[in-house]
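In the form predicted on its own, a lone chain appears below as structure tokens.
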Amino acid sequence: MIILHPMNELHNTRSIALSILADILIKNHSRDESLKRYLSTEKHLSEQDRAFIFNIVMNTLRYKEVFDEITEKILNRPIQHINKDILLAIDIALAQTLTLDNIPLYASVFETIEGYKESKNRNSRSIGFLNYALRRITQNSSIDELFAQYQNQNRLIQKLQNHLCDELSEKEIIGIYKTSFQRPRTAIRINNKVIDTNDALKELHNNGISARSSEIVANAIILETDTPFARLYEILPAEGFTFQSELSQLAAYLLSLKKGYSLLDVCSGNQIKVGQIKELFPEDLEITSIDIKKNHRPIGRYIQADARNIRLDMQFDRILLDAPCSGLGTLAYNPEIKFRINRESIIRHSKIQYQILSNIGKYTKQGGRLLYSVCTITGSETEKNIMKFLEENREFEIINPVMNSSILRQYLTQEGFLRIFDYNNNSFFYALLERR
């Protein structure tokens, strides 16, 4: 495991990237938490350095299996026989060489070796091997050809096909896998009580940022230009926008909320959807949220509990169940998920989802509605769960959600599910149920 030397006050940017990646890929820590922990510790880093580290980390996660195939091919050595820390150093050098512009080859090799030297596990032999490996790999004339080839054919694709063959079509497996190579389009939700959406677009354009209104969600803006988050806070009022994906923003509209309704938000997380709903209905809803984690600044009534077995004292007009899932539809945002996905994790998630759905469903009022959502489209986590629930709860039925977008209507299945596959590199599933 890569650990930075405490004697070095200022760390090489590559050494910080190595530490973050080791945290994510070897120790299975959260990517966001690892990035936050290391970047907040290194106070000396400029915004440019932070952006550089972020890009190295993300591009390594996007293409690691491709880089590993290249390494194995050129070195003629199984990657299992290469130290994991050295392999990560090779990966970040390839991320710079093959995916980042304006970085000279000699700089990516030299600085990566210097960064590796800051790890506690390095020794003269491992440094020598890394030097040999990087020079042999980066000087190979077929490296660009191999980079293209292994994006279409590698061991991880084969693994995903084996684990997902009962869940998705082969075309969907390949399609979702390839979204992991794509940069996600950042979406922001505009709070029109603070700034008008058109005014926000003008401010962005005036500051050189290409952006457009969402075609499927009101008050959402899609950024076409890669923009540091800190820059957005300089342009727009902080209380005037929130980072939230387009497909996530749909939930507030699919619920068909009305004045005076009671709403239960299940698995509410950081309450980003409730925050959106409060912007749309500031004083007109009675909101209760449930999540297993503590919330220090809750919106409305908040209950910290396990939704699988919680007992409530009332029923609700609307229930939003944003169930924990495999996250397979978010590979553009979270490429590291592809290394962890397997048949067992999908079945485990589907069981948890059904336990929550089965328990929470009974708190839907007669005539009320429950919206089930997951950011994946695997059969076990979507249709199969819903059909099983309907079989065991005959008083519920599927109803078609009201949608103004012709784009969304093309994703509506014959059963009435909204199964969105690869829309702007994102996939999502919604099922709207009504209790008769």
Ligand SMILES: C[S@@+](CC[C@H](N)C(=O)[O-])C[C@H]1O[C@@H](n2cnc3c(N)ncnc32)[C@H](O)[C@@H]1O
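Fair warning: this is a prediction, and the values are worked out from it, not measured in the lab. Start at 1 with the first residue shown and count on from there.
Heads up, the form predicted in complex with this ligand isn't pictured, but that's what we're talking about next.
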**Prompt:** Of 226-234, 340-348, 204-212, 307-315, which is the one stretch near this ligand in the model of the complex, taking non-hydrogen atoms within 4.5 angstroms as near?
**Reply:** 307-315
**Request:** Examine Ile113 and determine whether its closest non-hydrogen atom to this ligand in the model of the complex is within 4.5 angstroms.
**Result:** no
**Message:** in the model of the complex, does Ile272 come within 4.5 Å of this ligand, counting heavy atoms only?
**Reply:** yes
**Request:** Answer for Pro324 alone: is it within 4.5 Å of this ligand in the model of the complex, judged on heavy atom distances?
**Result:** yes
**Request:** Answer for Ser268 alone: is it within 4.5 Å of this ligand in the model of the complex, judged on heavy atom distances?
**Result:** yes
**Prompt:** If you check Ile356, Ile157, Leu257, Leu168 against this ligand in the model of the complex, which one has a heavy atom within 4.5 Å?
**Reply:** Ile356
**Prompt:** Considering Glu118, Asp291, Glu72, Glu246, which brings a non-hydrogen atom within 4.5 Å of this ligand in the model of the complex?
**Reply:** Asp291
